[in-house]
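Below sits a lone chain in structure tokens, taken as the form predicted alone.
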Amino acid sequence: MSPALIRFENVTKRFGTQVVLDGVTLEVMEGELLVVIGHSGSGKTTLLRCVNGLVLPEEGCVLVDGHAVAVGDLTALRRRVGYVIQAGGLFPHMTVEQNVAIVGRATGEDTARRSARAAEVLATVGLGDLGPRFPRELSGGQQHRVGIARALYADPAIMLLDEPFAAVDPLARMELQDEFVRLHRQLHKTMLFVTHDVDEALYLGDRVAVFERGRLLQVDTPRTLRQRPASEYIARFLRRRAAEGTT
């Protein structure tokens, strides 16, 4: 089995009096696609942001490749971690190529290097000929692919994806999911993927972690979750959210 690249050790995070993460212990293995699912407010996005230091817990420890996030160099860490947010977060006044290469621009890479690397990652996500276009000229699905390409630009060891396909119509979402499965198989990146969509979680994940009110209830393969949910609550959650996704 691959070693754990990300470890959450008894992690607790509060915002005021609200406990958002409650003693979470979880491992993400090297090369694994781990999907985190739960209701709104269950702590999914907070968990994600603990990995790149955007959120630091009050208790417990988050380790990336054996190093504690809270005491490390966050700038160096974030260069190793790609981050994809909802709707891609593209800059409308920049071309697709400029959006993808913004990390290279920030680190002082020359124009030729930025252009070549942007073309490379755009080709990886199936958008090799769209570099000169602006975000407004793309479909919603294409914009999401650009967001993924930008996260891949620095060839990060880890990718964090916060509901990246949430605002896409159902057909485009299915196409993006298929493309994402292909991409993960090709690149073998360690990925932590947050979603509220049960079908998406069970389709994409090597394993799926179910959260509720900041607590990790179960983490297992999709097949085990379907066949042996750890509680009646999880069984109901999976059935209800899957049914909502079909309406």
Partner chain sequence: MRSTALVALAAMIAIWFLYGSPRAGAGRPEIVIASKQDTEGQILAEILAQLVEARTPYTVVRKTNFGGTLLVFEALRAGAVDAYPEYSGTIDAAILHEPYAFARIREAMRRRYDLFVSGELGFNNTYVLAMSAATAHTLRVAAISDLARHPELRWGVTPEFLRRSDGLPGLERAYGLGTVDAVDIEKSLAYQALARGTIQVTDAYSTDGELLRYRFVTLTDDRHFFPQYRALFLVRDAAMRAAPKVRGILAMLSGAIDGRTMTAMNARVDIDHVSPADVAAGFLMQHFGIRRAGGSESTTLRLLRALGRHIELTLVAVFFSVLIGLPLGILAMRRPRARQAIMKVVGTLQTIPSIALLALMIPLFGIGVLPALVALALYGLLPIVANTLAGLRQVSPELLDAAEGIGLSTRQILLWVQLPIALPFILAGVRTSAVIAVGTATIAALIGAGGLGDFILAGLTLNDPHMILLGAIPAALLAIAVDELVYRIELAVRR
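Take the two forms, find the largest set of C-alpha atoms that superpose within 1.5 Å, and that set is the rigid core. Positions refer to the first chain, counted from 1. Since the model is a prediction, treat every value here as computed from it, not as a measurement.
In what follows, reference is made to the form predicted together with the partner chain, a form of this protein that is not presented.
- Under a 4.5 angstroms non-hydrogen atom cutoff, the partner chain in the model of the complex lacks Val125 among its neighbouring residues.
- Proximity of Arg49 to the partner chain in the model of the complex falls within the 4.5 Å heavy atom cutoff.
- Proximity of Gly140 to the partner chain in the model of the complex: non-hydrogen atoms within 4.5 Å are absent; the residue sits far from the partner.
- With a 4.5 Å cutoff on heavy atoms, Arg150 counts as touching the partner chain in the model of the complex.
- Candidate site formed by Thr75, Arg78 and Ile85: every one of these residues places a non-hydrogen atom within 4.5 angstroms of the partner chain in the model of the complex.
- With the partner left out here, the partner chain still marks one of 51-59, 198-206, 28-36, 176-184 in the model of the complex; by a 4.5 Å heavy atom cut-off that stretch is 51-59.
- Among the residues Ile102, Ala116, Ala166, Ala157, the one placing a heavy atom within 4.5 Å of the partner chain in the model of the complex is Ile102.
- The listed set Leu171, Ala106, Val71, Ala112 contains one residue whose heavy atoms approach the partner chain in the model of the complex to within 4.5 Å, identified as Ala106.
- The rigid-core alignment places the CA of Asp169 less than 2 Å apart between the shown form and the other one.
- Residue displacement note: Val71 has its CA displaced by at least 2 Å between the shown form and the other one (rigid core superposed).
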